[in-house]
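Presented below, as structure tokens, is a lone chain in the form predicted alone.
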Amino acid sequence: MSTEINIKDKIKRNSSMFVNFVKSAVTASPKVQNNFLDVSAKVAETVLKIVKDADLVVDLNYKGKEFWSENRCKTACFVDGGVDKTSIISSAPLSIRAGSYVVKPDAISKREYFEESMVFLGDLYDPKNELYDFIDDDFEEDQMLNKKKDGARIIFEAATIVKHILLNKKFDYCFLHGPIEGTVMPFSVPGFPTFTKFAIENMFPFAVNKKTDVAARHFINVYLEALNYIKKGKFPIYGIVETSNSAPYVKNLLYNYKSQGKISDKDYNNFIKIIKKYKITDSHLLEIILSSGQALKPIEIKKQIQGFTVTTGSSWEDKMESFPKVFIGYIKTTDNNSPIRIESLNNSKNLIKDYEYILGTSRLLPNYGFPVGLNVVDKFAKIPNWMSKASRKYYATHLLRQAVKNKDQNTISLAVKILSKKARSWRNRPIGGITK
């Protein structure tokens, strides 16, 4: 009983689970509101018993200045990608880049540096294949556009890590801002275009001498190839997620215990229903279970699930089965931050040291609980507005030249509109009730 009371107090006191619930309490039914504390405490209590029984909790040792004196010789690389946010006029984002921020604390001449690892301007996706088709519905077109941008960012980040491996970079650690393996289901929808052959050959040099037909250039095939290459990397590579919007760790933990007969099918199904109903995530639960400086050992999780909103019998189902499993763990860096998710394609040989390094990079700034290097590279990789506008004008000019050359009146008209379009300003807006 005391454990349940303690968990309820934690939820009330400092848990983002409670804050998140309060924000959506207006739309929640009275029954859901009244039951929130009871059901969330019950789930947390069960998960706490399981992690203790499985010996998954680890106490990390971080001593500030002393820690960095011992780890000053280690070189860390932080990777992130950025996509042009402006609307596009072709089958691909106009501009995209992935950057790397490399730091070695004890270096004399080059302690830290930025590197534009992958840069692309133009057609990333191929409009000339049977998998690409225009969508009549505007909403679906917008959804497809978002998927193209997400796919472009994910593949460029993966290509950046592959590039570092190909160049035999001597990193002690490589950290990606985001999951090490993204869910590929959104890119399996009919009509999602393939990459151009030019883009594939520039992103992945090892693919130059391989078959690069239409199917081989689809996102799922290319991404699988990249992940298999990353899995062979000689230095530790981790994907770090700041906020978990789902509960893969807790769900898999419960499933493993159900498979071992330690919890009944009925209890397992009830817990899963509660997690879905109350939108309880890993971050919410683990925030009230873990203390600052504690971590959960990784468990192996299958991210790509067959038959999940994918046409049965499609070729992508077989490919999803081929994707590597991911090792997922968590670290609670400070009392005031939710635990961060740590992903890897390989089970770490030096788990405690690796997690302590991640904890150390997350405590470099006060009131901050995420690796500061990833915050730095995030700002570096983002494409600023001036660059977006420049790339858009460059592309429109190129489009106009091609249209004039081919004498295509409609394309000429479109390009002229884009080039001559001006942003609205306060000076050219109508003044209500005043005549000049």
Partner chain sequence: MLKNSNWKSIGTVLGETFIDCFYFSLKNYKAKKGDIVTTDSKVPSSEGKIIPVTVWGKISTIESSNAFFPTEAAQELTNEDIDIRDTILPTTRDELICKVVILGYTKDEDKSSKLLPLIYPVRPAATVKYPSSEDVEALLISDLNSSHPIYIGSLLAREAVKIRIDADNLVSRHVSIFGMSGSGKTVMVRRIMHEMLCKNYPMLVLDIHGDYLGFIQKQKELYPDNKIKLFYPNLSVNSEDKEIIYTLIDKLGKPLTDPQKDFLNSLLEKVKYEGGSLLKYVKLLNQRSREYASEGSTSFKNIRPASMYVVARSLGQVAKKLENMEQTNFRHRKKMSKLKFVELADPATEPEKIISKGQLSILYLKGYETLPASAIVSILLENLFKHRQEVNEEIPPFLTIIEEAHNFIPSRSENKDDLPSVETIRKVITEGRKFGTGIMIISQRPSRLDETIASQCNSQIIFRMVNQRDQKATRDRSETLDVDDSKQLPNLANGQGIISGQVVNFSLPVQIKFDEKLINEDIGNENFIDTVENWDDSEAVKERQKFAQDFSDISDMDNRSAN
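This one's a predicted model, so the numbers in the text were calculated from it and none came from an experiment. Numbering follows the first chain given and starts at 1.
Omitted from view is the form predicted together with the partner chain, to which the following refers.
Engineer: Would you kindly say which of Leu345, Leu224, Val103, Ile274 lies with a heavy atom within 4.5 Å of the partner chain in the model of the complex?
Structural biologist: Filtering the options by heavy-atom distance leaves Val103.
Engineer: Just to confirm, with a 4.5 Å cut-off on non-hydrogen atoms, which of Ala54, Val376, Leu37, Leu48 contacts the partner chain in the model of the complex?
Structural biologist: Exactly one residue meets the criterion: Val376.
Engineer: Tell me which of 256-264, 95-103, 278-286, 237-245 has residues with heavy atoms within 4.5 angstroms of the partner chain in the model of the complex?
Structural biologist: It is 95-103 that comes within 4.5 Å of the partner.
Engineer: Are any of the heavy atoms in Lys232 no more than 4.5 Å from a heavy atom of the partner chain in the model of the complex?
Structural biologist: No, Lys232 sits far enough from the partner chain in the model of the complex that none of its heavy atoms falls within 4.5 Å.
Engineer: Is Pro366 a contact residue for the partner chain in the model of the complex, using a 4.5 Å heavy atom cut-off?
Structural biologist: Heavy-atom contact with the partner chain at 4.5 Å: present for Pro366.
Engineer: Taking heavy atoms and a 4.5 Å cut-off, does Val372 contact the partner chain in the model of the complex?
Structural biologist: Because a heavy atom of Val372 falls inside 4.5 Å of the partner chain in the model of the complex, the answer is yes.
Engineer: Under a 4.5 Å heavy atom criterion, is Lys407 part of the interface with the partner chain in the model of the complex?
Structural biologist: Close contact is absent here: in the model of the complex, Lys407 is far from the partner chain, nothing within 4.5 Å, heavy atoms only.
Engineer: With the partner chain taken in the model of the complex, which residues across 262-291 come within 4.5 angstroms through any non-hydrogen atom?
Structural biologist: Stretch hits: zero.
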